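There is one chain below, alone, in structure tokens, taken in the form predicted on its own.
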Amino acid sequence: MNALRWWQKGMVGVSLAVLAFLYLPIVILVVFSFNDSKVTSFPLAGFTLHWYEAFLSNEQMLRALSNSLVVASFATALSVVIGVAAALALDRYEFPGKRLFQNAILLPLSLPGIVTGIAMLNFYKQIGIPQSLTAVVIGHATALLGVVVSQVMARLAKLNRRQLEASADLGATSVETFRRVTLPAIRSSIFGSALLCFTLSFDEIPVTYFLTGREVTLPIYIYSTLRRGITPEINAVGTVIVAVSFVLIILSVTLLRDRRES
């Protein structure tokens, strides 16, 4: 019994150490964003909001942030619309090449980003799509399609088929059955996969690096400025992104909990 307790305490200690290793850099990022010095080192020189003012007055960084939000929004919308339709088709219908089709959708998830980026760049050149934010949106949606399909299919596998049969027996059309039976059952997986797609698209670098043109996204902008070192402005924008992400996660959990309770 004592050995088991020591083993449990050891696992708790390891877990806490891993969490600290993962989240301590974020805490340091937030702390240095308020440091009244350009040098990112301890001890802190003082408290200031100057770097947030500098971030909000940096037109290039704001433009890159706007591009990232636009790309992530459109890529998420495309991934959700196409992904839900693909998941429903894979779940309900049998057709030749079904397994190959499913593996092809999930393949980008297992490929390195640099390989996906180079492949998409070569393909887009062949079909006449120039390097631009539009190409980035298409590339992100293609790469993230597997996220939506895998999440929605996992939820569809738990759906009681008798509910669908009962809906049809009561005279509901396929559209009504989807709206009143299927959609409420997979709504949380759609919302969760959309949030994950938005986050991955917003932070994506390899595919964006190969497909973007003159307009750059925020990760590419930060990557280009890192050659001159980490500036306090980057710490400030990173803190804002962390805060917004935290609020969105709390909001999504709250909404999903209210839906389940209702």
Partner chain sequence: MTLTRRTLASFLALFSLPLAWVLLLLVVPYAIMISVGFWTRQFPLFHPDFQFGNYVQIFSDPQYTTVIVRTLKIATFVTLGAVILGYPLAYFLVFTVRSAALRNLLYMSVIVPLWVSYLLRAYTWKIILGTDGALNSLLVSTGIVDAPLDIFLYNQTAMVITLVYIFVPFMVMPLFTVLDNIPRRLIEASEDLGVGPFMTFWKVIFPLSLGGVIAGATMTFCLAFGDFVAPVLVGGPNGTMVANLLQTQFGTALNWPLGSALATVVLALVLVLLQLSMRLDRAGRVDLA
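Residue numbers count along the first chain shown, from 1. No experiment lies behind these values; they were computed from the predicted model shown.
What comes next is about the form predicted together with the partner chain, which does not appear here.
- A single residue from the set Thr177, Ser188, Ser150, Thr142 has any heavy atom within 4.5 angstroms of the partner chain in the predicted bound form; that residue is Thr142.
- For the options Ala168, Ala77, Ala85, Leu159, the one in contact with the partner chain in the predicted bound form, meaning a heavy atom within 4.5 Å, is Ala85.
- Highlighted residues Phe34, Asn67 and Thr212: none comes within 4.5 Å of the partner chain in the predicted bound form, counting any heavy atom.
- The closest non-hydrogen atom of Leu183 lies beyond 4.5 Å of the partner chain in the predicted bound form.
- Among heavy atoms of Ala194, none comes within 4.5 Å of the partner chain in the predicted bound form.
- Interface membership of Leu56, defined by any non-hydrogen atom within 4.5 Å of the partner chain in the predicted bound form, is ruled out.
- The partner chain in the predicted bound form comes within 4.5 Å of no heavy atom belonging to Ser132.
- Residues are counted as partner-facing when one of their heavy atoms sits within 4.5 Å of the partner chain in the predicted bound form; in 211-240 these are Pro219, Ile222, Tyr223, Leu226, Arg227, Ile230, Thr231, Ile234, Asn235, Gly238, in sequence order.
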